[in-house]
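Next up is one chain by itself, shown in C-alpha cells, the form predicted alone.
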Amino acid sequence: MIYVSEIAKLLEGVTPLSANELVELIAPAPSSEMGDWAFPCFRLSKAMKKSPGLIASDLTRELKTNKPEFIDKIEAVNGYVNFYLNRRAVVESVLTAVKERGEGYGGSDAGAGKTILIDYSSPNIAKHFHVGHLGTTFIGHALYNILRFLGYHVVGINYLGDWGTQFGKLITAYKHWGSKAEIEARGIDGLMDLYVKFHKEAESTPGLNDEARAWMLKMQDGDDESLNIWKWFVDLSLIEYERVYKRLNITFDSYRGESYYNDKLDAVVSELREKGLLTLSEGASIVDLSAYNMPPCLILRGDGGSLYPTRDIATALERKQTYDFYKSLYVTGLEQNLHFAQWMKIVEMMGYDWAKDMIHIPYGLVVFEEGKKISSRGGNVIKMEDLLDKAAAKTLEIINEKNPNLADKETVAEQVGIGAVIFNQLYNNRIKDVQFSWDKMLNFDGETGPYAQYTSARANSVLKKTPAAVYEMETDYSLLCDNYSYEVIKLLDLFPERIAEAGEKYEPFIISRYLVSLAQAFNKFYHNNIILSDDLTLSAARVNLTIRVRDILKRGLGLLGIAAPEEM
C-alpha cells in the first residue's frame, strides 16, 4: 500500500486531482498479467475534454519519461493506466512489514483516544438463546474485535431484555403451575414451558392476562416477592447464556439490561414535555415525526406505561454521560430500522448534536432449509446451544471419515463446527438474508470457514516439517517473484486496507471474503510450488511466505471470532 501513495504522487503532477482523491481511485489490477495497480481515467474525461483511452495513453507517455525505480512498466489499456511494480522490491517490503509488525500487522492507531460502544447479542431473560441471535451476536463480536484492532477503546454491551410484560406472565404461570425444584433443575426449559402454557391457557381464561398485569405492576412498585422471583429468573437465564458465550469465546464489558433504566424514564418524559415535544393522542403521549416522513413515536401508553423508545432514549442519554462515546452502535435486525430512526431523531430534536453518532447496524434474516420459523410463544425455537452441538457433531463425522487419527479431534470438531456457523453468518453483506445449509457451510473445499481453517492448518503442517536449518537462512526475495508467490504477497499487502475498510463500513464480510481469497491464492501456490526441497535457499524463501500466510489467516479468523486449529 506504500506504493499506492507513491503512484498517487506521480499522478498528482499530471492530473487535476489531489493525491488523496487519486488514492481513492487507484485499485488493484484484476490479475498480475495486467499489472499491480490500475488508475481509471474515466473521471478525468469531462474536465480534460478527451476520451478515457486518449487520456490513459497521454498519461502513460508522460509518466514513462520520469519512471521511478520501484515501477518496472507502465501501460495504457482501455482507459486505464496500469502500473507494474518491481516484484522483488514489493516482495521484500511486504514480507518485511508483515514480519516486523508481528501481531500488530493489519491494525492501526486510527481510533486512539476514541470510545465506541457496541450494543449486541442482548437475549431476552427467561427465553432461550436461539438462532435469532446469530446475527447480532456474531456481527457485534466481530466489530468489537475489528475496532479494537484499529485502536479504538471498545465497550461491548449486552443489553439484556430483563424487564417487561413477559415477567408478569411468567410469575403468573409459575404461581399456578410451577415448581421451584423443577425450575431449578430445568432452568430456561422449565421457564419456557411455563411461558408457552400461559399463552395456551390465556386463550380460554382471559383473566390470566389481568393477573399478569397485576404482577407487573407489583414489580414496578418495588414489591419484594415479585422482584425476588424476577431476580431468580434472571440468574437462571444467565447460567445458560454464559455457557453459550463461553463456547463462543465471547465476553462483555457491561450487562446492563432494560431494568437498570427504570428510574431514569421519568426524567426523559419530563425533558420531552419541557421541550414541547410531547403531544397527547387518544390518551397516549407521542412525538410527532411527520416532518421527517415517519409515523408518530409512542412514548407513554394511555395508562402511563413506558415503551421501548422511552427506554432507548434514557439508555442513550446515560451512555453518553458515562462513556462520552465517539460512536454508539446498535446491532439489531433490519426490521427495527424504523424504531431506531424514530427514537434517534427524537434525541436530535431534544437538542443533542451527538445523536448523529448513534448508528443502527442492521442485518438480514437467517433462512433455514427446513423453513422453520421462530416463535417463543409457540415454543418453536432453534436453541443456539443445540445448533452449536449439531455443528460440532456433523464436523466430527467428517473428521472421522477423512482423518480418524487426528489428535484431540473433539476439540477440533468444536472449533471447526462453531467456526463454520460464524463464518456463514459473516460471509455476505450483513443486510442480506443468510442461507443456512449444513452441506455448504461445512464444505472444506468451498468459500467457507472450514476451508480457511484447513488452509491455515495446511500451512502449519508444512512448517512443522521444516528443518531447523531452513529457519536460520536469510530470505532471497528474488525467489518469490513467480506469479503464484506474487499473488499471495499482494494479498498480504492488502490486509491492513481490508481491516480498515471493514471497520469504516462496519462490515465483517470484507474480512471473510479476504480470507477466502488469501486461502485460494495460497493453495494455488502450494500446489504449484514445492515448498520443502533439497534447495534450502528456495525452501527458506517459500517457508517465509508460508509463515506469513499462516499468521494472517489465524489473525483474520480471530477477528471474526473463529479459532484456527493447528491440525485438521
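Numbering starts at 1 and follows the sequence shown. All values reported here derive from a predicted model rather than from experimental measurement.
Omitted from view is the form predicted together with arginine (ARG), to which the following refers.
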Within 4.5 Å of arginine (ARG) in the predicted bound form, all of Y159, D312 and Q336 (non-hydrogen atom): yes
Proximity of F167 to arginine (ARG) in the predicted bound form, heavy atoms at 4.5 Å: no
In the predicted bound form, Y427 touching arginine (ARG) (heavy atom, 4.5 Å): no
Contact of F83 with arginine (ARG) in the predicted bound form (heavy atom, 4.5 Å): no
Heavy atom of Y330 within 4.5 Å of arginine (ARG) in the predicted bound form: yes
Interface residue in the predicted bound form among Y352, Y308, F444, Y326, criterion: non-hydrogen atom within 4.5 angstroms of arginine (ARG): Y308
Heavy atom within 4.5 Å of arginine (ARG) in the predicted bound form - the one residue of N460, Q415, N124, S93 that qualifies: N124
Option from 336-344, 391-399, 280-288, 206-214 whose residues, in the predicted bound form, bring a heavy atom within 4.5 Å of arginine (ARG): 336-344
